[in-house]
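Given as structure tokens, the chain that follows is alone and in the form predicted alone.
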Amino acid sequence: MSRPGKTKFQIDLRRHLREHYVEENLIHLISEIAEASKYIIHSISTGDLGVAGTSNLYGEQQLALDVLADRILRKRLDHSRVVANMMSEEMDEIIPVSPDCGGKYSVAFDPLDGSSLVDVNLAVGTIVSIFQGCDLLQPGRKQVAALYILYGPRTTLVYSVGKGVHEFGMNMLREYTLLQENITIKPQGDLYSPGGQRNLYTPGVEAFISKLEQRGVKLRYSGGFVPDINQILLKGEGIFFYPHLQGKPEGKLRVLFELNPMAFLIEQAGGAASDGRKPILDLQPQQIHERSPVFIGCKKDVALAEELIRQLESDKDVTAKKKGKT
């Protein structure tokens, strides 16, 4: 996109959305999320790193920052006047905001993904998935927008509304300005970020990681989903996977809050995201906190994982594992 007389650093987020002919209510919603991130980054820099004294629905002890980030985002969404329903990873049910779905959106979010990394000063992030109307339990392919915000040495926001993937950075005035447009990733990469215990990998996954090692692919794993996906997008290559494990066939990451938005972004950048058998974006979630294995990044690497899983692991084996017969 040519902009005579303007540098990319003069293009703010709202203007960029308008230039891509995004609907006005969606512009307002994304801008509200961006505004909320300013308060979250301030809380990370100055807030309490201790526990909140509560647990989420998974039985995980909540950190004070988890609770605060969740509160900040929910308040901004509630007062945006363009949200019908919202769902936070920290909550156990969908939160209705407005009974009127016309022209409004439903939002699923992980307010502070990787929050346990804050006390050791590693990067964390916010992940957001946006659907039109009231229904959050839809395949991810029906998302109208997805974004994440990375709180690292720099604070950056990466978004897509189905028209490419674009990165913005927070400047000294705490405004998001354009850093790069139309991010793409190569068909095959030289980086991999593996989650889960390797001694629990299934035969197909073990064969896959062995193929990567034989090819000389380098291991680069931060322990945080947002920084690892950001690495793939900005380096233009790589694959992240948290696979099905022996005794844990559903994997770890949540479809609604983590996998759908990241899969949307990666596909928009020319990559792929799979549960090992089919695209993440084609999964039909049956419940709000559903989990799935994931292989996400360069297309050829994801296809290789699917091929080896298909060859070495039968559907019958997977079904048995889901029944606990590992």
Ligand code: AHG
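Don't overthink the numbering: it's just position in the shown sequence, from 1. Bear in mind that the values here come from a model prediction, so they are computed numbers and not experimental data.
Same protein, other form: the form predicted in complex with the named molecule, not shown, and the subject of what follows.
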Inset, instruction - Consider the chain as shown here, without its partner, and state which of 112, 233, 255, 128 has a heavy atom within 4.5 Å of the named molecule in the model of the complex. - result: 112
Inset, instruction - May I ask you to choose, among 189, 204, 224, 251, the residue with a heavy atom within 4.5 Å of the named molecule in the model of the complex? - result: 224
Inset, instruction - Answer with yes or no whether residue 208 is in contact with the named molecule in the model of the complex, where contact means some heavy atom within 4.5 Å. - result: no
Inset, instruction - May I ask you to state whether residue 167 is within 4.5 Å of the named molecule in the model of the complex, using heavy atom distances? - result: no
Inset, instruction - Report whether the minimum heavy atom distance between residue 237 and the named molecule in the model of the complex is within 4.5 Å. - result: no
Legend entry - Which of 139-147, 237-245, 73-81, 99-107 sits within 4.5 Å of the named molecule in the model of the complex, heavy atom basis: 237-245
Inset, instruction - Let me know which residues along 73-92 have a heavy atom within 4.5 Å of the named molecule in the model of the complex, or say none if there are none. - result: 89
